[in-house]
Ligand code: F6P
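For reference, the chain that follows is the form predicted alone, supplied as structure tokens.
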Amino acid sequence: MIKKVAILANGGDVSGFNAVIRAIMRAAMTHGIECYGYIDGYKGLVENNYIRLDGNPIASGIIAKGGSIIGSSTNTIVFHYKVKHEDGTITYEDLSDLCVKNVREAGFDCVFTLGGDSTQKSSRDLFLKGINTIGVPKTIDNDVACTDITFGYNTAVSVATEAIDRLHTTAETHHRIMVLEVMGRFAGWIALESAISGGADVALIPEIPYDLNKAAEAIKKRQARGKNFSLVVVSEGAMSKDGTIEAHEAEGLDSKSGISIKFGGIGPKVAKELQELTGMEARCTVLGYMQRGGTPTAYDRVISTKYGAKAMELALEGKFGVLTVIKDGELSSVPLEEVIGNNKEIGAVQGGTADSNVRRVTMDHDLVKTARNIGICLGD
């Protein structure tokens, strides 16, 4: 019987975190279950730092609040945890056994893990070590496997669309190419959907290595029709056909994971090259963290609430080691084993590797077909 549960929010913040936390908490209260929250994600799990949520004023009126009332942590992997020693040296240690001990001593019957690929990888690994875990798919990139949509994504697309709307007027007034760089390391969902909803002319995504000459041709054709401006949306993880991406080294990530870089910088590069190819003035806006923060859309509030309520339902049914998902519009669950793909090694440093089961845009997806049908250039 479930009597006491905990929630941890991990990875980059998204709008909808608090709506999920609220739904889990309220569902727990409905069934007389105590609900707690680990502070700052897996960091709180390591440090045994948690607070009670039900009946706590901090957890009141949070459905419309961005961020996470219990914080979150990034690049925090309990199997490869950054430890700073008194002499200033740093080591990376496996503290998963300490986490198991902390959960058991606290008496938590289930830990809900709110996060993306890496978060759910650790959730699966902790489940194999004896902790009852249930994952909830979070990421603005919308690239968690086995589900149609993640919470936080709709808000990110809405923010990107508003940015395109604003850039449209500047582009038209000054006869410029306006490039908007949006998030999306491995998947181009944000770029593609915001390009369609915002009326962009070019969308460059990680799944389609681009030839910028193609984009330049599309812009020149617009010029020939009297359209002396263009809007370009590019995912941070987009790469040219020569295989180069714009990135820099990321602190604290093991190179064997395949994720030892931070993406960013592709927008200015594309703007500079398009200006040279077209002769038109080009400017770039990097949307950055604006996509993550702020009030969630009504859609994200609803989907987050559905996910949270479903997660508690699964806990009451004793279904652990699973991820709540939405498939074909229906709430369901899948084993975390399916979510992590071939990245099966317990304690693997990071998700997002070649073996991970990241959900990417496929060429037969309706969004791709729609973009092509309405004349959006995808750089191929």
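Every value quoted in this text rests on a predicted model; they were computed, and no experiment measured them. For every residue, the number given is its place in the sequence shown, counted from 1.
FYI, the form predicted together with the ligand isn't displayed, but the following is about it.
- Stretch 134 to 142 is the answer when you ask which of 276 to 284, 104 to 112, 134 to 142, 220 to 228 has residues with heavy atoms within 4.5 Å of the ligand in the predicted bound form.
- At the 4.5 Å threshold, heavy atoms of Gly184 reach the ligand in the predicted bound form.
- Looking at Thr170, you'd find every heavy atom of it more than 4.5 angstroms from the ligand in the predicted bound form.
- Taking non-hydrogen atoms only, Glu236 approaches the ligand to within 4.5 angstroms in the predicted bound form.
- Although the partner is absent from this view, Arg292 contacts the ligand in the predicted bound form, with a non-hydrogen atom inside 4.5 angstroms.
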